[in-house]
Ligand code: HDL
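Listed next as structure tokens is one chain, alone, in the form predicted on its own.
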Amino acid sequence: MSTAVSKDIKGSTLEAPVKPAQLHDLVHKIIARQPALDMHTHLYTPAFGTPVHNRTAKVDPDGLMLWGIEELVTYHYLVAEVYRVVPASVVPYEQFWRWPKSRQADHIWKHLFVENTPVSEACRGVLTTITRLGLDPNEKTLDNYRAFFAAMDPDEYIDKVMQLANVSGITMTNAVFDDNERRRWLANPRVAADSRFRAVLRIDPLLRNFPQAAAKLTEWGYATESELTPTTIDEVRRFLNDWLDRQSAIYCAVSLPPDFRYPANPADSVGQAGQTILEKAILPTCAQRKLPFAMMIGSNLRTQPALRDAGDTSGLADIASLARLCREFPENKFFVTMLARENQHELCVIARKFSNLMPFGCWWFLNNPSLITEMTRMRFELLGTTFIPQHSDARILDQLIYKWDHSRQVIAAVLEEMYLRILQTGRTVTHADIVRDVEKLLDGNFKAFLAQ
């Protein structure tokens, strides 16, 4: 039981039955006190470099550790939203991308936060973050925020953000096919030697564009061809093992389009080459090393290319393909999250059938309170406490604050509802029961699945 939440809360002892009138305060306090282990982010250690101006670190224009007000305000959620207010006929996309980030941030702040009421979840998240940092969310310009962040040391700021978010550990996403990131791993083998962070090997091109990936592997010294010969398969496995060792990665991950099928459909974007790599290289390597394979399914990339990262959309995925993978590869463990709301019920049903499947989080466009409520309630009703309710998916360090703050509020409200239903049957619930359940949801289920 977590020592962070095992202390008695006024009005309740650990083994005494909880009364209905006590539930609200008790559940919310226990969830607020329980540290969360964030199982999927796009955050980085300071050793990966930071493009943000600050008082101690050397500014690295291509640095991967993103933080501070300008990164927060120019996040792609808000880029897409500002074009709902100021259309491309007024500010052409090409013009926006030519602006320095400071001007982009001023433009977004003016049109989404000053001249319009910031009611969207993406806007509210920025306001929550600013407020939790002790700043005034009513500023008309970004000047005071810029001064605040310029005085920060990035390494110290990580500790501050983790404390405010009550996050005990951050799981990165490490894209080995990204030249910028790969170069940093090779230049500094200890780039991720930070006890606050754990690495995940991200390998999308192996499945989504194998000929391109094979050309890269050949360039890097692996004897691969676009044809999937036995030698090529062996070399892909050698590559995976080399990078899993280099990163000390705790699982492998890939983002897949809605048309992903298993077995492969010749018309889908992954196709037979992706299927062969999955069957003969990725899954055997993960099984041998007892590492989960995370599949994030349902992203349509660049539906609106002019918006760049803000131009992606979601689509309905095929649950039957997931079921086949779980059935045909029982030695493998699968973390799965899906982007379409319409897939969530089927995902829960499939998870009831396969213990090697762990649903996690409310990903991307689903990370809104109304949908988190719906999904979390559904998961409790179908899976009990055997799922991971949330991950931040944060790309900007500061986002940890609002994403966990907002999610804890929703998870607590739904869990309170579940306990009230139990009490109505005459079954008692104790303080200790709630502490145990919350620890599993925010920390224990992830660790247990890794250890299986």
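Numbering starts at 1 and follows the sequence shown. This structure is a prediction, so every number in the text was calculated from the model and none was measured.
Separately, the form predicted in complex with the named molecule exists; it is not shown, and the next lines address it.
Counting non-hydrogen atoms within 4.5 angstroms of the named molecule in the predicted complex, say which of 260, 334, 75, 96 makes the cut.
Filtering the options by heavy-atom distance leaves 75.
Of the options 185, 197, 364, 83, which one has a non-hydrogen atom that comes within 4.5 Å of the named molecule in the predicted complex?
Only one option qualifies, and that one is 364.
In the predicted complex, does residue 296 come within 4.5 Å of the named molecule, counting heavy atoms only?
Yes, contact at 4.5 Å.
My question is simply whether residue 393 lines the interface with the named molecule in the predicted complex - judged by any non-hydrogen atom within 4.5 Å.
Residue 393: contacts the named molecule in the predicted complex.
Is residue 202 close to the named molecule in the predicted complex, meaning a heavy atom pair under 4.5 Å apart or at it?
Because a heavy atom of residue 202 falls inside 4.5 Å of the named molecule in the predicted complex, the answer is yes.
Is residue 42 close to the named molecule in the predicted complex, meaning a heavy atom pair under 4.5 Å apart or at it?
Contact check for residue 42: yes, within 4.5 Å of the named molecule in the predicted complex.
With the named molecule left out here, work out from 34-42, 420-428, 60-68, 379-387 which stretch has heavy atoms within 4.5 Å of it in the predicted complex.
In short, 34-42.
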